[in-house]
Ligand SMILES: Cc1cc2nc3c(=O)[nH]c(=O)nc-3n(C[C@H](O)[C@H](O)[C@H](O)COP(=O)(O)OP(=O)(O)OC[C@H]3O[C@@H](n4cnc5c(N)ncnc54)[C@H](O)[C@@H]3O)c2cc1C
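Take a look at this one chain, the form predicted on its own, written out in structure tokens.
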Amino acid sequence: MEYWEQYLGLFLKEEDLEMARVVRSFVEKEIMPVRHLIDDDKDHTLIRKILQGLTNLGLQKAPFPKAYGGSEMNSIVTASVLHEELSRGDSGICTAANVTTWAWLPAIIAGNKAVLDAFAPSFCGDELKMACFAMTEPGGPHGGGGCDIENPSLHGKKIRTIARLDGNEWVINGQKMWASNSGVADLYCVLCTEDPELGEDGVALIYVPAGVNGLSFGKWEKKAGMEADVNCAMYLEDVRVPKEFRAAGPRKDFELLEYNIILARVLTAASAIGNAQATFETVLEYTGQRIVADKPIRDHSIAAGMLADMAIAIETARTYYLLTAYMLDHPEKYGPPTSNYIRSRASIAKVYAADVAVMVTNKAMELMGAYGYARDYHVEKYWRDSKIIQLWEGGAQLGRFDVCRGYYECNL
């Protein structure tokens, strides 16, 4: 916990440290003792119990307006601390819990009374509720995979989930892939377009409650890691919802989409460092206890150099994502949160942190040998869970394109 204190008065406030302590205590008591069981929890009994525990802490209702029973927690720095500490326990649990906020943000920011009145009270209650932000599509001859959907140079023209206004209802047809909490969520924020040719003006974020006619799902994806994060194909066939369930309206919905993409990069940078920090703690202890050639592994120069590289990478990545989170919290100083400048900084944070997590977990396994590969030591799961963080949100290469957008006119 001492590494958070160095940021007090710089990026963090006392309430951020308290948040870190509360989540750290929860992780140590509720996640770490059963962490080795999470990947085998095929019916999500254990996972939902952990998520319910986070609900009991008040994290589910945190972003909602106080009028609905929420806490109006809107600091990106605070959310970043939460993401790192929770991912130190399990980044799949972190994703499942916090994607609910991600899905809700467009309606909260837009102040959409229809959506808030209909669903916010239940999400601010004592029972676990989940939401899903459905964005990525399977693609086809037109392109349209995840990197196309999130690429600002394509202006939303690759979206093929179509929303058509019929009287007082939206009629939605399309397919989504890889959305976190898909198939298990109570509410979906679905990225649509009224017409691909309209580009940014056609983009629509529309809320769809679970159980409506025409909404169905495929089987859960079998993945290398992140088992607490459910992903499956989502099918929308003539799904009808009230026209008021659109987040904001033309152009505004595109701006909300862009904000969500940029925000997610900062927060998943924090998740990546949660994996790296936990791995570093494990390998630091292991190499201090394991004797090779009559002395601890970490007292050999080659191992010390590897541990130093891990520490340097973790500390610099953490500092940078906190800086970027601070920028998002202070648009009056750093400019609009959807500017190319902020997009570039958020992408630096995410690309770098994800690369750090992959490097740290890989090097830790080298230092621990077969023990690093064994499930008893947790490192192999951090290793598996880290890789997808590097790949999601448009992929590692789109992230690099977005870095360039902050420095020159990059239309890749």
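This structure is a prediction, so every number in the text was calculated from the model and none was measured. Numbers for residues come from their place in the sequence shown, where the first is 1.
The form predicted in complex with the named molecule exists for this protein as well; it is not shown, and the discussion that follows is about that form.
> Give a yes or no on whether each residue among 134, 150 and 388 has a heavy atom within 4.5 Å of the named molecule in the predicted complex.
Contact check passed for all of 134, 150 and 388.
> Between the options 180, 268, 324, 100, which residue brings a heavy atom to within 4.5 Å of the named molecule in the predicted complex?
Looking at the other structure, the residue within range turns out to be 180.
> Pick from 196, 146, 174, 337: which has a non-hydrogen atom within 4.5 Å of the named molecule in the predicted complex?
Here the answer is residue option 146.
> With the cut-off set at 4.5 Å between non-hydrogen atoms, does residue 231 touch the named molecule in the predicted complex?
Residue 231: contacts the named molecule in the predicted complex.
> If we define contact as a non-hydrogen atom of the residue within 4.5 angstroms of the partner, is residue 393 a contact of the named molecule in the predicted complex?
Yes, contact at 4.5 Å.
> Answer with yes or no whether residue 401 is in contact with the named molecule in the predicted complex, where contact means some heavy atom within 4.5 Å.
Close contact exists here: in the predicted complex, residue 401 approaches the named molecule to within 4.5 Å, heavy atoms only.
> Are any of the heavy atoms in residue 251 no more than 4.5 Å from a heavy atom of the named molecule in the predicted complex?
No - in the predicted complex, heavy atoms of residue 251 and the named molecule never come within 4.5 Å of each other.
> Which of these stretches, 296-304, 221-229, 243-251, 71-79, has heavy atoms within 4.5 Å of the named molecule in the predicted complex?
Stretch 221-229 is the one.
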